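There is one chain below, alone, in structure tokens, taken in the form predicted alone.
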Amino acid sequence: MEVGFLGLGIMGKAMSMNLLKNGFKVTVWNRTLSKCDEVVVHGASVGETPAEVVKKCNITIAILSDPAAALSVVFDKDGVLDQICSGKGYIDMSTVDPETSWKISEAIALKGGHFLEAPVSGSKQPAETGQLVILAAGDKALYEEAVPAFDVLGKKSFFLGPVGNGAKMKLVVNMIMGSVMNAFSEGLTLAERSGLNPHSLLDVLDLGGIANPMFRGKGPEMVKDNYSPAFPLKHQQKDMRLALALGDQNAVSMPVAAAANEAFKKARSMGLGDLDFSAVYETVKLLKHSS
């Protein structure tokens, strides 16, 4: 099965490598073409433009940083729309707002192509090990066709109905994750500041009802001030913003998420945007230094 892959950031690179390892033929494109070099070593071909990749492959997957990037790859000159046609499918795995997905879906349908949005839950390590959770919505036939690739990329994939539902589910999940990360950061700081060993807190949490892989994986690294990016903080803040907009549209009061978003914005203003989203911990620790 030949698959196109647009976008070789932290996630895209890990996912395309995974497809190659599992016997898929993969043609890649990235805005900075030099980022393709590493996957080429592992057997990928390179397309000079998104259009070139779509022309060559029946199914093209994209995973891009934000709505603006997702739209530009489709609508710009030499973009996806130039070559998408009947019999070709486009799967956007970027985390975007439902409106962005609807726009892309409509444009692709007008050309006779098939569209699926399929954002993923999981960051760098699950991407490398094929343990992502895939939240798909849109064209059911394209979903069925993509299942062999999804089975390699993820531990489970969901089909959630019409376009927009994948985006919404992903925003809800990331909104909860970002809010919990802030509470966790406050707890670590409170423990330390009140004379407790943060490692003891991590041990206690891990044995209780709120034990979870995020605390287990991120906690020890946060205590060591290690924020090497599995999921960049600037993307987490973008997802909080999009989730809050979804809350606005549906008249859902989200005071906890709103406060968490402010903390991520503060972290960005401190220059932490490219670090892991757990670096929001620094915004609470900062108060320690300035008091």
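One-based numbering along the sequence shown. Only a predicted model underlies this, so the values are computations on that prediction, with no experimental measurement involved.
Absent from the display: the form predicted together with a small molecule. The rest refers to it.
Just one of G130, G187, G122, G79 has a heavy atom within 4.5 angstroms of the small molecule in the predicted complex, so which one? Residue within 4.5 Å of the partner: G122.
Which of these residues, C57, L64, M222, A260, gets a heavy atom within 4.5 Å of the small molecule in the predicted complex? Answer to the contact question: L64.
A51, Y90 and K140 all contacting the small molecule in the predicted complex, non-hydrogen atom within 4.5 Å: Judged in the predicted complex, none of A51, Y90 and K140 sits within 4.5 Å of the small molecule.
Segment that reaches the small molecule in the predicted complex - one of 189-197, 146-154, 204-212, 94-102, heavy atoms within 4.5 Å: Contact-bearing stretch, as computed: 94-102.
Can any non-hydrogen atom of G247 be found within 4.5 angstroms of the small molecule in the predicted complex? Output for G247 is no: heavy atoms all beyond 4.5 Å of the small molecule.
Taking the shortest heavy atom distance, is H42 within 4.5 Å of the small molecule in the predicted complex? Close contact is absent here: in the predicted complex, H42 is far from the small molecule, nothing within 4.5 Å, heavy atoms only.
Any non-hydrogen atom of M11 within 4.5 angstroms of the small molecule in the predicted complex: Yes.
Heavy atom of A230 within 4.5 Å of the small molecule in the predicted complex: So A230 counts as contacting the small molecule.
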